[in-house]
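One chain comes next, on its own, written as structure tokens: the form predicted alone.
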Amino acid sequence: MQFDIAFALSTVPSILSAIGMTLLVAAVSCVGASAVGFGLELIRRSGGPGGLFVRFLIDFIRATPVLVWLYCLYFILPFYGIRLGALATGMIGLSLYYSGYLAEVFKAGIDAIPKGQAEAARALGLGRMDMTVFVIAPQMLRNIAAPMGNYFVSILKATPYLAVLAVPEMLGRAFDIASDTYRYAEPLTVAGLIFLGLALLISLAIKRLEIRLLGPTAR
């Protein structure tokens, strides 16, 4: 069976109709993973029993497959009276899973900040929250723009996992077309090319952000 370009082009509108869902899941998951990951890193740095638990939790998250998180949230939590919709499950699952990886990115970014910055902030009488928001976070962002962007691309590429929960994202739509027509090459190729385009756009945006934060040296 030869690749039919005309049929491939005919699948584009249908697959693009699900791009909004894909971008919504990716955007919410990126924000959620960043917020949770940063919180986990702050708790880990605080030390004590909480820090030790978070250290284990981060390693546990990174050692388990993302599908395990999705299946546990969707199929196991209802036994304990917690029911989540497919979309909410997907966004929460991706946020939790990638928070473990982003916590490590934040750790490296904070470790790269000279210790004198925190000491100067304390000498000026800044509280822990003000020091984190106004001193640590801006400098950390300059250090982690590129690796954080890579994980944002990974989150985008992980959105097809939500097809197992019947979330109507792009790859799931491509499989629907393939199941109806018994032609898999064309719709899957179209979906792959659209994902490639989105990933390149995210990489370009991150690169521009990195240049803005670091100046001409980031080129």
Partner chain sequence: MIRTDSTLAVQITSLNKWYGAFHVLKEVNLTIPSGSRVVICGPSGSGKSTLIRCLNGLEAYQQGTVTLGTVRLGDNARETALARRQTGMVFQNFNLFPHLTVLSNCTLALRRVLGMPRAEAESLARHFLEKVRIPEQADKYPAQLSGGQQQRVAIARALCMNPRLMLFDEPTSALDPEMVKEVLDVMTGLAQEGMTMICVTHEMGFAREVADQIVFMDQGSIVEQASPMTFFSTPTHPRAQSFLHTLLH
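Positions refer to the first chain, counted from 1. The term rigid core refers to the maximal set of C-alpha atoms that superpose within 1.5 Å between the two forms. All values reported here derive from a predicted model rather than from experimental measurement.
Note that the form predicted in complex with the partner chain isn't included here; everything after this is about it.
- This chain lacks the partner; the member of 120, 87, 141, 146 within 4.5 angstroms of the partner chain in the model of the complex by a non-hydrogen atom is 120.
- At a distance threshold of 4.5 angstroms between non-hydrogen atoms, residue 124 is in contact with the partner chain in the model of the complex.
- Core-superposed comparison between this form and the one not shown: the CA of residue 104 stays below a 2 Å shift.
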